[in-house]
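A lone chain, given as structure tokens: the form predicted alone.
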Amino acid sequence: MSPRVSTLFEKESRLAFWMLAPTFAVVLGFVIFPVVWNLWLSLKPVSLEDLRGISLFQFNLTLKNFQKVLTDPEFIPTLLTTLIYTFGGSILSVFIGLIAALLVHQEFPGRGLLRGLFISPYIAPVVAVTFTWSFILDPQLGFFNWFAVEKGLLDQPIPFLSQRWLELNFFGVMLPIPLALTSVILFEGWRYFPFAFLFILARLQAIPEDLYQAASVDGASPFQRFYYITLPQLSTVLSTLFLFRFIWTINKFDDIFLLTRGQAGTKVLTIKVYDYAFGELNIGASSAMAMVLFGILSIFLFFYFRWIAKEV
């Protein structure tokens, strides 16, 4: 290699390094360091009042925080609630987004207005929408309970966000339904379906019409066209949306906290992180719970990329 080429290669390498340096600094400062710091706190007996004076170079490490978290009687029920809430909210938001995208895919009067209405739950402030849902579902003042009782749909008002179980008579069999948890899952699906709606609609518009025309000529029914053409074309988008929604939902705190404060069987792991930190003033246990949540999410990502992503 000539000295001229070598010098040019070195200059390009240095330029690439300096162009990547700001991004690396941001990732180091806002991603890697907080994770390392949280892991460090999870291995130390730290209370809220000790947090200011703690040093990174104090090596009195312990696993007692993890022992406290994993042996907590609420850990298993909270973990199950978290998984039900995460899977239910993620699947529901993607499903509603798919239905909404199919509804506005074809041309019809007022389609633009309907698209704008579909996006509104996602852009509205979370405090406003949670307050609206709490007011609508309120057993004393809520419109939903008033309307249902007036029309004879309900015998009495139902506290949707403060009652843990509701027994439904299904062909003579009493089925217990986790009422408050179901309510927050429905809120999750409604609140975040516009995100899936936008991506699915964009992919629908990119599917060639020739595929549908050829299928119609061959005598395919609307359901067959949807099953054999639309779904395979959307498989990559749907799986990616589910991954994003799973990651964001399992880390959700504000929605459940504003709706139920984690009461009535809706306590998830993020609420436990908050309870340890500001309820018990135990930063070490709070950090340990956060690392457990990180581990659960890492396991899901491993299985997702190992099997689910390969099948798409």
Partner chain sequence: MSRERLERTMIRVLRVGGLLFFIVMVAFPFYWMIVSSFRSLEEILMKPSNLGLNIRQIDFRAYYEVLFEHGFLRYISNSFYVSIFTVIFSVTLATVGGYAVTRLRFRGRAFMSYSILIIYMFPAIVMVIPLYVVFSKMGWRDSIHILIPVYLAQTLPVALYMLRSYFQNLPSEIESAGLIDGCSRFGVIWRIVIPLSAPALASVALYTFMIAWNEFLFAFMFLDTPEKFTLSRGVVQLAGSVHLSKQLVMAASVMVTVPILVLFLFFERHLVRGLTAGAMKG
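Positions refer to the first chain, counted from 1. Only a predicted model underlies this, so the values are computations on that prediction, with no experimental measurement involved.
The form predicted together with its partner chain exists for this protein as well; it is not shown, and the discussion that follows is about that form.
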>> Counting any non-hydrogen atom inside 4.5 Å, which residue from 88, 159, 142, 178 sits next to its partner chain in the predicted bound form?
In response: 142
> its partner chain isn't shown here, but in the predicted bound form which of 153, 76, 114, 207 has a heavy atom within 4.5 Å of it?
Replying inline: 114
> Can you pick the stretch from 76-84, 92-100, 166-174, 231-239 whose heavy atoms fall within 4.5 Å of its partner chain in the predicted bound form?
Replying inline: 92-100
> With a 4.5 Å heavy atom cut-off, would you call residue 261 a contact of its partner chain in the predicted bound form?
Replying inline: yes
> According to a 4.5 angstroms non-hydrogen atom cut-off, is residue 303 in contact with its partner chain in the predicted bound form?
Replying inline: no
>> I'd like to know whether residue 43 contacts its partner chain in the predicted bound form, with contact meaning heavy atoms within 4.5 angstroms.
In response: no
>> Just checking whether residue 227 would be counted as a contact of its partner chain in the predicted bound form - the rule being heavy atoms within 4.5 angstroms.
In response: no
>> With its partner chain taken in the predicted bound form, which residues across 168-206 come within 4.5 angstroms through any non-hydrogen atom?
In response: 190, 192, 193, 195, 198, 199
